[in-house]
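Given next are two forms of a protein chain, the same chain in both, each as structure tokens and marked structure 1 or structure 2.
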Structure 1
């Protein structure tokens, strides 16, 4: 007999050789029906893998992350089987589970196209319906290599060559075999619904110099209904796409005549952005930041000093020349060098520190053309940048204050769900970074300590640091549960050294300050894009381009409507009059579609009684109010969703 310990601490005594499925059976039949994968101690196994010693066992259903992973990993096998059937001569490479579904990278002699998706889906489901068991077996390295040599599959051969003899396993189901580490659901029949999401090119081993493969993306579920719900979610995401809403709400535009990836803010978008900037400017003023303004270009040497030129020069916008020989400027890709020079414009004393220079600085980066995307990835964007120059003993405290500022911004804009990513150096590849080991260690320690003391939920990523220092990045989850990287805070010991920044200490000696780079929004473009998708274009009242629409019942009341608008403007409420020759139903419909929060219907009754009939977006008629009453309602609501501190 063996003792099996479950995650809740319960212990089951079962015959040796019992499987995770037996464990599930011993708990309940319902659980047994839904169990699709299991972990024995720390290893993911099949539900049919015998357990022969005392062990900790965790059972997974599709509702667990691990269960989903096993489900989608297994689905990748079925996809591979279907692709082999449909595309003779196809070479399989790898097919992992991903966050939403799975993919399989193949080298296919015939192209796989969108019109083939239906065919692939049908074949996949045929294979799934065979209810073939997934069976793991060990193979010797020689045998494994022999199989793929006979198939001429150089990719699998490369994979196997990196494995040790004795740890190579194949997974069989039906007549299909694949090299595989394991972690499957019991049989193919559990997969009831499948959809090919996309095909795309992907490099073998993510290496641009290697062969380009075809990546087939798919997603599968144990129930058709779950697939339908997932597709519905995608449809919602599409409806929230900031590119679509940005156009509909007239927030921003692009023009080929201006250039790729160069966004232009339309009046409504520009005003919205200004409101966001004001929010932060006010908070920064309170927090002791000092505004600075710097040019959009800088002498090339500035960036040679900072190290940006060496690192990114070749892939950036090319230098700007002047009528004078040998004089070159660069569009600024970063604000920090300028801010360093401002720091240096006068001698600094330890008593002056910390000095916090803030600027909404527009920067230019030549992003790869294939990477451009709406407002989230552009070639000119404005950072809500600031650089804090402090004494080493101030770093931690300053860092924590910046965290507070970032969280204030998130809270004000309704991003409740976020995690902090600590991005450190890649210890394997230190040459990517500038600066001394000692400084890196100091900077990394400072970040980890500050994040911990602030009680942030953190994940650590090695190799994600900026080339001059480690970062704390804030990842927010939007209303649909998608993750976005927004604010960033970075500790930097390197640029102060490169720019030879100094201050005089109380010992009358010169010392080097530490820099903190930070941007709570990140970039205004990206932030607005994420905000649009988060709130589906229904911005918080204080931020929205138009708070009220005044809808006269007929043209007779247009003049009263204009007067009302003026009155509301005095209460700092903004809006517009819909003075079109249309019926009230039509005006309401159009205003609803524009997502204007409040509609004021104005007709004979209202004009006589000096009232407005209020209608709220998405909710309908709220009744009749005195104008002052309405002004109070709206101002109360603004306060409610704009945190004050």
Structure 2
């Protein structure tokens, strides 16, 4: 008999050789009907995999991220089977699951075009309806190479040559076989719906010197209804695309002459961004943060010391050479090395700590042109950075205060659905990180403890830590249920060592401070992009660039409208006058499209009575108000929103 421990701590005693499906059946038949994959200890396996020793077992349905991964990985095999049927001579390479769906890269002698999507989908579903079991088997390196040499598939041969005997497995289903590590659903029949999303070019192993392949993207679901809902969500996402709305609302722009990935903020966008910054600056001031400003460049040695050059130098903007021989600068990739030098600029005592330096600092990363995407992936962006230098006994308390600050920002902007991801280093590959095991353990424990004490909903992700320390990343879901990584907090024992930072303790000895990195917004550019898509451009009233549009019904009242705008400015209400020679109906429609929260219609009756006819975006006519009454409505709504945060 073996002891199977479930995630809730419950233990099942089952015969040796029992499978994850047997475990599911021992719990309930209903669960067994929905289980599609499992994890035994730390390895994702099929539900038919025998368990021969005591083990920790986690069962996955399609509702779990790991379940989706197995589902989409299995679907990639079905897609490859369909492509082999449709395109004789096609060479298969790799087909992983991705965040939404999967892809398969192929070398096809026949071009795969958009007009082929329907026949690919039909063939895929024909294959799925065979209800063929996914069966894993071990293969010797000799036999594996022989198979793909006979097929002339140099891509699979290259993959196998980098593997050792004993670690090569094939997955069979129906009459199809593929090189695979495992982690599949029970059979193809579980896949009920499929759609080809796109085809694109992709270099083999992302190497531009190698062959260009065709990447076929797809997504699949266990129910047609789920696919229909997903496609509807995509259509909504198109309408909320921050690039589309940003252009319509005149928030930002790009220019090839300025350079790819270098956003320029237009007046309305700059004002919106300024208000976001002021929200955080006021909160930081109350929390004891000190503003600092650092240059946009730094000497190369600065980033060599910090470790950034070693980790990112090859993929960053190239060094800047000056007329002085041997003098080399870099565009600033991070603010933290500069803040370390500010800390080091004067002697520090234990009485001075914690010290909190804050800066909205612009940094530069050379993202590949194919990865640039509006404001979400750019080459120049501003971080709402702060670095806290504290004593070891202050770390936990400071960390919890930063959590409060992040949650304050989220609440003010309507982000209510979030998970705190505890991002730890990969225990199997510590070479990616700097610093001692002792410091990493202390930092990881501090984050876990603080997150638990604040009652955050958390998940743990191995291998997602920064190279210098673990992180608490806030994964925020927007109005469409999409997840975005926004705010981040990091505990760092390593940069203080690299920069030899010190403070004098109450024992008159020199000690090393601990550093906390934090950015509630993360990147201002990315945050604004997510905010635009979350609220579809209908920003909170306190934040929106233009709160009021004044619409005179004819040119006769344009002067009155300007006077009204000046009066509203005295109440700190932002707006504009639409003085075009257009009918009032057209002005109202155009203002609705601009998502201006309030419209004030001004005609003879309103001028005589010193009133305004008010319309609210998306709701229509609110009635007639005295100007002071309307000003109070707006300011009370703003006050209510911000005071509650």
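This structure is a prediction, so every number in the text was calculated from the model and none was measured. Under this definition, the rigid core comprises the largest set of C-alpha atoms superposing within 1.5 Å between the forms. Positions refer to the first chain, counted from 1.
Only structure 2 is derived from the form predicted alone. For the motion between the two structures, residue 257 lies in the same rigid part as residue 527. Treated as two rigid bodies, the chain between the two structures differs by a rotation of the smaller body against the larger of 22 degrees. Core superposition places the C-alpha of residue 43 13.5 Å apart between the two structures. Shown is the Cα shift of residue 225 between the two structures after rigid core superposition, which amounts to 5.8 Å. Relative to the superposed rigid core, residue 83 shifts its CA by 3.9 Å between the two structures.
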